[in-house]
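First, one chain by itself in structure tokens, the form predicted alone.
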């Protein structure tokens, strides 16, 4: 366990993590010749069927891209997430949640800066004749995507009005569609940090320069998709949560970037310009429509020698997207709720980026769980994403859907259901009547407290606790012995 933790803390790059995964049997190399389409897509989908133990897959023989390497599934299973956190394979989702929640805001960030000339990401540099189609082994992530997308890029940008504020320097994962050899569109929404910066740049006429990082430290990839505050640094959170330093350097256009990323694309927003973007197979499992999105012009590309292009499959779940962001969507909601309501015991927002969430709470009074649910809707992530909320008692594990279904079946009355219409919503929710507006559904499946009518039922309380957990593990050990 200590060896795993030490190795996790020693990760400084994607390459380090791939070595750790290989040693644990969680990364494989697919050396048979593959077509970019449909082979890369199909293999990624097949791997994602095993959410518990799917390996990362490295492709080094891609038709049309001689000498290029691509990897998918780096965060594609709970075993990979466990190893990233220094925990053994087989660690339960609930245990991983509390591991992350226990680290949240609890450690100091360790940020070090590397001179540009010493940063591996700047080993090779292209400043003229830029052709992203030659540099990157791109392909359509889903069959009917409107073009080639960079699905797992971490985009670093500075606040145009406060560029020297490190906390306001945003790092986020956004969908980027190549629009030509040296330009791409970026899709975001106003509530995202990047959306705020785009609006600020166009309001003031100030330039917005960004750095698109590909093949990154696996800890940053997680936090680039985590809903934290606007003035909170994703770099700092990633370092604090990993308990290890994050090495930064400067991009050629002055943005702080990871020194050990595989590839960085430097670009500048073309103020006032919009291009058609989409459709794109998104995380709810449906194609987004075609919209106009801001256009960015590429000014330079830096990369390591023999770079690894990292991509992701996104679509109808379960996919790597769900494993990548699920627990790191749950943990900040949990931390934010606990500030006001210490009675909250766990948050499960694994499903489709938290479109459905399950929150367990120690009921303080009749109707208390509904109050907690309403507060959840006002968290940074809840404003746009938390659409369906199921509230359960603290004796129900929100990560065990059998227990959740029991609570829904036995503790829900018709008047425990609240529907809030005409609420803000993420535009790509396929159930929205109009993009950007939808409902909120709260189902209170907690037990009744006076003055609610209690009824006559007396619930069976089976034995729980550490003894039962130990017995369950003993049974599994015996079972494995028989199988061998």
Partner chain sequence: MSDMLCPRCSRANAIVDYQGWQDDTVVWTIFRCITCCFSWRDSEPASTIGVGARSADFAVDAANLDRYPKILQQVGK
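Positions refer to the first chain, counted from 1. We call the rigid core the largest set of C-alpha positions that still match within 1.5 Å between the two forms. Treat the numbers as computed from the prediction; the structure is a model and nothing was measured.
The following text describes the form predicted in complex with the partner chain, which does not appear among the structures shown.
Would residue 425 count as a contact of the partner chain in the predicted bound form, using a 4.5 angstroms cut-off between non-hydrogen atoms? It does not: once the partner chain is placed as it appears in the predicted bound form, residue 425 has no heavy atom within 4.5 Å of it.
Though only this chain appears here, would residue 178 touch the partner chain in the predicted bound form if you measure heavy atom gaps against 4.5 Å? Yes, contact at 4.5 Å.
In the predicted bound form, does residue 452 come within 4.5 Å of the partner chain, counting heavy atoms only? Contact check for residue 452: no, nothing within 4.5 Å of the partner chain in the predicted bound form.
Can residue 166 be called a contact residue for the partner chain in the predicted bound form at 4.5 Å between heavy atoms? No, residue 166 stays farther than 4.5 Å from the partner chain in the predicted bound form.
Of the listed stretches (22-30, 438-446, 43-51, 57-65), which one has a non-hydrogen atom within 4.5 Å of the partner chain in the predicted bound form? Heavy-atom contact with the partner occurs in 57-65.
Selected contact from 112, 131, 118, 409, since only one has a non-hydrogen atom within 4.5 angstroms of the partner chain in the predicted bound form: The residue in contact is 131.
Select from the listed residues 362, 87, 291, 370 the one whose heavy atoms reach within 4.5 Å of the partner chain in the predicted bound form. Among 362, 87, 291, 370, a heavy atom within 4.5 Å of the partner chain in the predicted bound form occurs only for 291.
Determine the residues of 383-403 with a heavy atom within 4.5 Å of the partner chain in the predicted bound form and present them in sequence order; the list may be empty. Residues within 4.5 Å: none.
After fitting the core, residue 36 CA displacement of 2 Å or more between the shown form and the other one: No, because once the rigid core is superposed, the C-alpha of residue 36 moves less than 2 Å between the shown form and the other one.
When the two forms are laid on each other by their rigid core, does residue 53 show a Cα shift of 2 Å or more between the shown form and the other one? Where the cores coincide, residue 53 shows only a C-alpha shift between the shown form and the other one that is less than 2 Å.
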